[in-house]
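One chain comes next, on its own, written as C-alpha cells: the form predicted on its own.
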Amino acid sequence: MTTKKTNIILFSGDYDKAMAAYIIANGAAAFDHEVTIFHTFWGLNALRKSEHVATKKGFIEKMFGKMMPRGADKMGLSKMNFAGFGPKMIKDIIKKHNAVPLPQLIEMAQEQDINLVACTMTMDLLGLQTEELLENIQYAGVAAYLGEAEEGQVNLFI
C-alpha cells in the first residue's frame, strides 16, 4: 500500500487560517497520511517562539521582528480582529467548546511526526533566524516543497 501524502502551504499569518491548516494536517496524519506543512511569509509566525530571543539583526529585520506576532497564540484573526478583541473572543469560544487551541494543535502535529518546514528564503527576507523558531522543525526552500507536492494526493494553500 502506498503512503498518501498531504502537503499544506501555510502562507497566512491569521490565527483562524493557521488553526484550520493544523486541524486538517492532524486529521490527515490520523488517517495515516504523510503530512508536510510548508510555512512561508506570514505563516512563519505560527513557528515563532513566544518569548523574545536575543539575536543580531539589522534595522529592517528588527522592525519586522517587532511588527510580526511572536508565536501562534499572538496571531490575529482574518476577520473581526477588532484591535485584538476578536482573538480573545475566539479563544474563549474554543475553550468553552473544548476545542484545541492553535498552540496545542502545533504540539499535536509534532507528536504525530508532521513535517513542519520553515521557508528559508522567506526567513532571509524577514530576518528570522533559526533560534527564533520552535525546536524540531525543518528548514527548506521552494524546491523541497515542490518535490513533496509533486508526490502529494492533497495539496492545499492556506
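Since this is a predicted model, take the numbers as computed values, not measurements. Start at 1 with the first residue shown and count on from there.
Beyond what is shown, the protein has a form predicted in complex with a further copy of the same chain; the following relates to that form.
Okay, which stretch from 129-137, 30-38, 106-114, 47-55 lines a further copy of the same chain in the predicted bound form, with non-hydrogen atoms inside 4.5 Å?
Comparing against a further copy of the same chain in the predicted bound form, the contact stretch is 30-38.
Check whether L102 has any heavy atom within 4.5 Å of a heavy atom of a further copy of the same chain in the predicted bound form, and answer yes or no.
Output for L102 is no: heavy atoms all beyond 4.5 Å of a further copy of the same chain.
Could you list which residues of 16-39 come within 4.5 Å of a further copy of the same chain in the predicted bound form, counting heavy atoms only?
Stretch hits, in order: D16, K17, M19, A20, I23, I24, G27, A28, F31, H33.
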